[in-house]
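The form predicted on its own is given below as one chain in structure tokens.
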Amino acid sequence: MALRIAVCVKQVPDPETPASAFKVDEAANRVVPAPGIPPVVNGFDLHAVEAALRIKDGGEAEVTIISAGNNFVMDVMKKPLSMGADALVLAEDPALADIDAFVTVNVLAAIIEKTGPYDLVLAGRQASDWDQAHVPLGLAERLGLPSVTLARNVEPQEGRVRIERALTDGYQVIEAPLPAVVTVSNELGEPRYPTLRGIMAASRKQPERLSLDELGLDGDSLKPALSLRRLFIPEGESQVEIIEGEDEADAGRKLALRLRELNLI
């Protein structure tokens, strides 16, 4: 019987967006999409997709990509399909445009409960837009499943999953019963590139779209737990002091004296 794997992904602003193009609407407390720069799939989530596809390469597995949000760009969201995933399930609604981690957990959990059961739920270690890493842990809590973070290798076994968890000075091996939620880190290795055959196959696949009503989500489930009071780009100031001397040696001596005055050396 095929192992069923769900991979949570998020559409995010391109982290390579030039600083000059990054704008914030302070009145609305939201980031203004940079013109001409399309969003991307969160990079860490692509590592989770790669982990799922490696499991699929090594045996019989079915990989389903799930996401919640609004204004999805299909060329972006279909990238995991072009890499080799089997299906894409989206909850897309204007009410999901700017949701916090709490609401995201509720929506993803509803998708998993409706389209599951799954033997393994994978996600990136964090998202590149907010860098909070709240959703996978909240999802595990919401589903009542064990969770392991920062995986650099994921190896399902009979009724269990063996995980190499990345540490700053090495790694540790952890086993957990299935089903489980695992977050995948970049130590896994680079995600594979989509092939031409995969891109063509993905173009023929249509995502399954689930409405909030179909997911049984009401107002309480969509009420944010986080109150965002202010979103702004901090202003930075810098001062430059030029140290001059009669020659390079004299300038170096004066620089050393100045740094000592400032208690920097």
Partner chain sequence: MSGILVIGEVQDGAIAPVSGELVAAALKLVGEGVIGGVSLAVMGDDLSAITAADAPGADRLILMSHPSLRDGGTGGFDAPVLAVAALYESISPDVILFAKTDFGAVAGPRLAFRLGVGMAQDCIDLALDTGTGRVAVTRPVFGGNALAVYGFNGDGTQIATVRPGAFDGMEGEGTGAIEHFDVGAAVAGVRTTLIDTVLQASEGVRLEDAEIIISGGRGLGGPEPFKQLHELANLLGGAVGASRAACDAGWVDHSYQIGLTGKSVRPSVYLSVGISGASQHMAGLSGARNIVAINKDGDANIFKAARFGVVGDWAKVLPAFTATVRDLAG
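The model shown is predicted, which means the values in this text are computed figures rather than measured ones. For clarity, a rigid core is taken as the largest C-alpha set superposing within 1.5 Å between two forms. Positions refer to the first chain, counted from 1.
One more form of this protein exists, namely the form predicted together with its partner chain; it is left out here, but the text below deals with it.
> At 4.5 Å between heavy atoms, is Val31 in contact with its partner chain in the predicted complex?
Result yes; Val31 sits at the interface with its partner chain in the predicted complex.
> So in the predicted complex, is its partner chain close enough to Gly138 to count as touching (4.5 Å, heavy atoms)?
Although its partner chain is absent here, Gly138 would touch it in the predicted complex, with heavy atoms inside 4.5 Å.
> Quick one: does Asn71 come within 4.5 Å of its partner chain in the predicted complex, counting heavy atoms only?
Outside the cut-off, so no.
> At 4.5 Å between heavy atoms, is Pro146 in contact with its partner chain in the predicted complex?
Although its partner chain is absent here, Pro146 would touch it in the predicted complex, with heavy atoms inside 4.5 Å.
> Residues in which of 87-95, 108-116, 72-80, 123-131 have heavy atoms within 4.5 Å of its partner chain in the predicted complex?
Among the candidates, contact is made by 123-131.
> Decide if the three candidate residues His47, Gly170 and Ala249 all line its partner chain in the predicted complex, where lining means a heavy atom within 4.5 Å.
Yes: His47, Gly170 and Ala249 each sit within 4.5 Å of its partner chain in the predicted complex.
> Go through 232-256 residue by residue and record those having a heavy atom within 4.5 Å of its partner chain in the predicted complex; state none if no residue qualifies.
Those in contact are Phe232, Ile233, Pro234, Glu237, Ser238, Gln239, Val240, Glu241, Ile242, Ile243, Glu248, Ala249, Ala251, Gly252, Arg253, Leu255, Ala256.
> Could you check, with the core superposed, whether the Cα atom of Val24 shifts 2 Å or more between the shown form and the other one?
It does not reach a 2 Å shift.
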